[in-house]
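Below, in structure tokens: the form predicted alone, a single chain.
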């Protein structure tokens, strides 16, 4: 007996409703907050780390001299790295504002992950008091208040690369893979690996090849890269001056599944906003036999650095008279 489409649809609806009424749980969907696990690679996207935004009316656009003003910032971790022992500093002109509490705070925020696809956030702030009798004969004066975040972060890339041992194409067999360059846009961090170029270096001394990876690194965020060693990045959130030697340092490490690679240099100083580092076997390590069949392998690259980002807002102090 042939069942009509309408009857079949009706039966399916009844089955669906019976599942709900019986208390059976429906499978949770990925990407939904509180329901489901995001795919492993989906959280390593985007070019942001910590993102700051002032709360509405904190600070206000205008404040009367002698009155308090709240200065509060929402801090969101929109990248894929957990932040610990980060610092935020609030600044205002001492001649115009006073504060009876610390102008800085320390915080930690979880980054995006398969189980936590949105990342964590918090709110930090201070209370400022507009000083009295600073306007003189003026009715108002404008000034700028700022919030500056300083933190340690990392970028992680796992990408398939071809280890092509037949560099002169002498074998009469079909290759499993072919050597090519890979381009990338982001890895869920303000410093990105934008390109990986692969080159096979042949050694006639022992008839082996060593893969060399040319890794392109770029600051794709809206802040500044700082040294991460000894928490040097916290200088940007203190009274300590920042020098040219503190800027644009990134520590690089890389490995294949069975081999730690040596990167030159291990800590690179970006020229402008980008630069290149090369990673390969160390000089005293034997390479891969030229007779080994070509194969695909995951390349794991990690960048470690400090980072700082800031926001500002213009505030007008008005006369109380």
Partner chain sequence: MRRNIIFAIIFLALFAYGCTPPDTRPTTDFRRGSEGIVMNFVQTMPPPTIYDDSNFDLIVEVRNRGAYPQDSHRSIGALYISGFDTNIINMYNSKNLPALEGKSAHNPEGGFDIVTFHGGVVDFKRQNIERYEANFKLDACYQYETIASETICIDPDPHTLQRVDKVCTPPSAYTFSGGQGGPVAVTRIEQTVLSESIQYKITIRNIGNGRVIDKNALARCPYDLDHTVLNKVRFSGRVSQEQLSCAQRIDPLTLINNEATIVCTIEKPSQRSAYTTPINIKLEYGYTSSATRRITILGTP
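What you are looking at is a predicted structure, and each value in this text was computed from that prediction instead of being measured. Residue numbers count along the first chain shown, from 1.
What follows is about the form predicted in complex with its partner chain, which we do not show.
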{"item": "4.5 Å heavy atom contact, residue 171 and its partner chain in the model of the complex", "value": "yes"}
{"item": "Interface membership of residue 257, its partner chain in the model of the complex, 4.5 Å heavy atom rule", "value": "yes"}
{"item": "Residue 294, heavy atom within 4.5 angstroms of its partner chain in the model of the complex", "value": "yes"}
{"item": "Proximity of residue 44 to its partner chain in the model of the complex, heavy atoms at 4.5 Å", "value": "yes"}
{"item": "Region of this chain that lies against its partner chain in the model of the complex, out of 186-194, 86-94, 173-181, 238-246 [heavy atom, 4.5 Å]", "value": "173-181"}
{"item": "Interface residues of 129-158 toward its partner chain, as seen in the model of the complex [heavy atoms, 4.5 Å]", "value": "158"}
